[in-house]
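Presented below, as structure tokens, is a lone chain in the form predicted on its own.
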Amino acid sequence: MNTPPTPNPTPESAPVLDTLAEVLKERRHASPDNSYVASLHHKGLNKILEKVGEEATETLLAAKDAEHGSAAQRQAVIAETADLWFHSLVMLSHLELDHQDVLNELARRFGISGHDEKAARTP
């Protein structure tokens, strides 16, 4: 039996997500006139989901361009993925869900075949 790889995030990755989650929490109740995050929360879940969908589409298009593209096109995938993650974190915040729960779920899946994990999900 193969031993699954141990997740080894960079030391900066967890604090970045933790710090961003704290900023999002603080800005959630700020004035919508002074905070982009507050304006999204003020507009409601549908607007936040619209942004997640928009960023997902932009990420997909950037990835398509980057497959055989330039360094700039590859960097665009990074920027678009950052936007997608950011708006996904806003969505979690709006639903009062903790990003750490997502990380825990990813960690739980280490060593589990993707096919097995998908088959084990309840419909």
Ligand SMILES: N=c1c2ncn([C@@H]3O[C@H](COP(=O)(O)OP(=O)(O)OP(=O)(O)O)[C@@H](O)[C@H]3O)c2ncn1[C@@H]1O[C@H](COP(=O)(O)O)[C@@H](O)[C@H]1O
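The structure presented is a predicted model; accordingly, all values stated were derived computationally and were not measured. In case it trips you up, residue 1 is the first one in the sequence shown, and so on.
One more form of this protein, predicted in complex with the ligand, exists but is not displayed; see below.
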If I superpose the C-alphas around the site and drop in the ligand as it sits in the model of the complex, do 3 or more of its atoms land within 2.4 Å of a backbone or C-beta atom here, i.e. is the pocket blocked or open?
open
Are any of the heavy atoms in A62 no more than 4.5 Å from a heavy atom of the ligand in the model of the complex?
no
Hey, in the model of the complex, is I48 touching the ligand, heavy atoms inside 4.5 Å?
no
The ligand contact at V52 in the model of the complex, heavy atom, 4.5 Å
no
V102: touches the ligand in the model of the complex, heavy atom cutoff 4.5 angstroms:
no
Looking at the ligand in the model of the complex, which residues in 63-85 have at least one heavy atom within 4.5 Å of it?
D83
